[in-house]
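Shown here is one chain on its own, the form predicted on its own, set out as structure tokens.
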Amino acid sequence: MDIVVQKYGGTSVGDLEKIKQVAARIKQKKESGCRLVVVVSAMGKTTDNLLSMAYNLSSRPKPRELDVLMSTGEQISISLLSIALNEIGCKARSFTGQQVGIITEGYHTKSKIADINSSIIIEELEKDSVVIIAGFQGVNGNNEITTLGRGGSDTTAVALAAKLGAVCEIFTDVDGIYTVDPRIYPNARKLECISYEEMMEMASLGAGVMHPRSIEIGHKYKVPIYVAMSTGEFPGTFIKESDDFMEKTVITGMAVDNNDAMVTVINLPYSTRSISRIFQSLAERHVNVDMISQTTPVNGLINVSFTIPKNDLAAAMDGLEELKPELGPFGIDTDTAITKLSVVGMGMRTQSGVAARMFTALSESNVDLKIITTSEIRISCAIDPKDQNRAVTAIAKEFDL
């Protein structure tokens, strides 16, 4: 029998009634002849509530303790789902990431999966059990509980599918992947399929349907991924290798992200060493940098702007302040009022004029740009949040999204 890995997000298991509904779907899938591994997120807002408690006690709780705390949310979900399945006559057993042998490496709250010991999973599947696994977590080489970052249950599911040679089905509260978040642009179209590369870009740029690392693993190991609503009412979206048909579309989708801040280092002495020290300091504090812009040198000084997640702003500021005695009395300006807007499409590789069309549409809508960056298949810019709706509508109409 084929192995299928299913993942159910927090809203899908948000209360006991929903857990019963998920259990019924799992039983039905198993009775169709599949061996099932099910990855579950924490119920509803559990993770947010746990973090709120931690930050009420400390403005900077230790990452190790945050991991210990946050990992408990998924343990509640897996145990309740296993209880629900056994109650309706579907044999199931739950496991934490540590129990099932998900080995991680890296840093607390931002770990990556290094390996999975699949022997326990295979053993349970051979006993005809549905294996329920806590997403988002694992254990490192020091036997410390670690978590994979927000959305890490997607990564757990795809990594398990890669290890087991299985199909991965991601069930969530949306019925697939759209050209634009329908909550922002109601006329957005649902995609039947999207390439791994496009989905990686969309996810990393703020499209919240999938975790970027999960798509990276799916791409590397060619894991078939299907994203759909947990109720199964509507057809979903397949994430797969690109093909000629996909590349005929210039822009596949647009991502909008309001969780970044822009930092500008002002009057920095112009040298490669100065710039390298800035970004080395950020890397040492595990700050993820996205867009970068540098001005032309004037009197031996430059300004360097970059965007980072807002929750990394304090760490970034600490690192920059520590560099002042070494690099000189440069200034630092921060802007937390930015919206990052990005268009993504495989067709950009072969079709010219995309940037011209995008910026013309923004110009005609009186939208000013704060910073711009590009890659082979995407263009991103930061704008004022008050211009978001006009900008999204203008670009969506320009590229028929």
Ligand code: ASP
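Because the structure is a prediction, the values reported are computed rather than measured. Numbers for residues come from their place in the sequence shown, where the first is 1.
What follows is about the form predicted in complex with the ligand, which we do not show.
Only one segment in the set 109 to 117, 152 to 160, 257 to 265, 322 to 330 has any non-hydrogen atom within 4.5 angstroms of the ligand in the model of the complex, and it is 152 to 160.
Put simply, of S365, T47, T339, T373 only one has a heavy atom within 4.5 Å of the ligand in the model of the complex, and it is T47.
Put simply, M346 is far from the ligand in the model of the complex: not one heavy atom of it is within 4.5 Å. At the 4.5 Å threshold, heavy atoms of L36 stay clear of the ligand in the model of the complex, well away from it. Within this chain, A42 lines the site of the ligand in the model of the complex, having a heavy atom no more than 4.5 Å away.
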